[in-house]
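Single chain ahead, written as structure tokens, the form predicted on its own.
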Amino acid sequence: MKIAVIGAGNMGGALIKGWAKSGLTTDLIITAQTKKTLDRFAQDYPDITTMLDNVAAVAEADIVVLAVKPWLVQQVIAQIQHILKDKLLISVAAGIRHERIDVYAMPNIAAELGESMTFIEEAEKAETASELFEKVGQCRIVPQHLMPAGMMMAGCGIAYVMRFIRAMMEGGIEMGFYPDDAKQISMQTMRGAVAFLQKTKLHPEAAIDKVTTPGGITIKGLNELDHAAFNSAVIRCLKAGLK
């Protein structure tokens, strides 16, 4: 089954790399606005078919993934609509609707590493799309009204997690660690917390109790987060994009 990815920017590029690493290189046809971008992918993944012509790429595909900027979606669909026929058209452009799009999906840039959290809107062909996106991470099919929340938690949320890591780095530097060391410590601590929750299936607060000794230093730090309204700031951050 041939997959045409229209657009090889940040999101399209992450999906291309993730699908290529999952073994789909010979199935991928990708397009971009410049030959320079295509040459870069061709160098890293020689078995991928690269084209500058969107129509030609769609003609050879069974599934078409629109990974262009939101303001280009209408233009690209108008360009390729005459050749789409019964091909599955998936859009990963946030917030843009079109009657010809079959499935709306919201992955994140961790797709490049096979670690995306992808939300797919309920639709007739959602399961088919899910099978494709499961090759680059976890998928969740949700009703339309939850897609914006999924985007904030995973699509945008990955940036919020990175901001927390940056804050930990800055604290580590202030306490005496070199920046690269502080970065590695922060990332490994985050990785360990996630692995622990995944393995034990504990609620985060129950896991926190295992680290928090009465009268100890952990509770002092947690109380400072509460004084700074940390939980409220995170919730407000996630809801900001829904306004």
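So that there is no doubt, residue numbering starts at 1 and follows the sequence shown. All figures in this text were calculated on a predicted structure; none of them were measured in a lab.
The same protein has a further form, the form predicted together with a small molecule, not shown here; the description that follows concerns it.
This chain is displayed alone, yet in the predicted bound form one of V92, L89, C139, L132 has a heavy atom within 4.5 Å of the small molecule; that residue is V92. Just one listed stretch, out of 27-35, 174-182, 192-200, 211-219, contacts the small molecule in the predicted bound form at the 4.5 Å heavy atom level, and that stretch is 27-35. With a 4.5 Å cutoff on heavy atoms, P204 does not count as touching the small molecule in the predicted bound form; it lies far away. Residue contact check for A67: one or more of its heavy atoms lie within 4.5 Å of the small molecule in the predicted bound form. Although the partner is absent here, V76 lies within 4.5 Å of the small molecule in the predicted bound form, judged by heavy atoms.
The small molecule in the predicted bound form is approached by N10, whose closest heavy atom lies within 4.5 angstroms of it.
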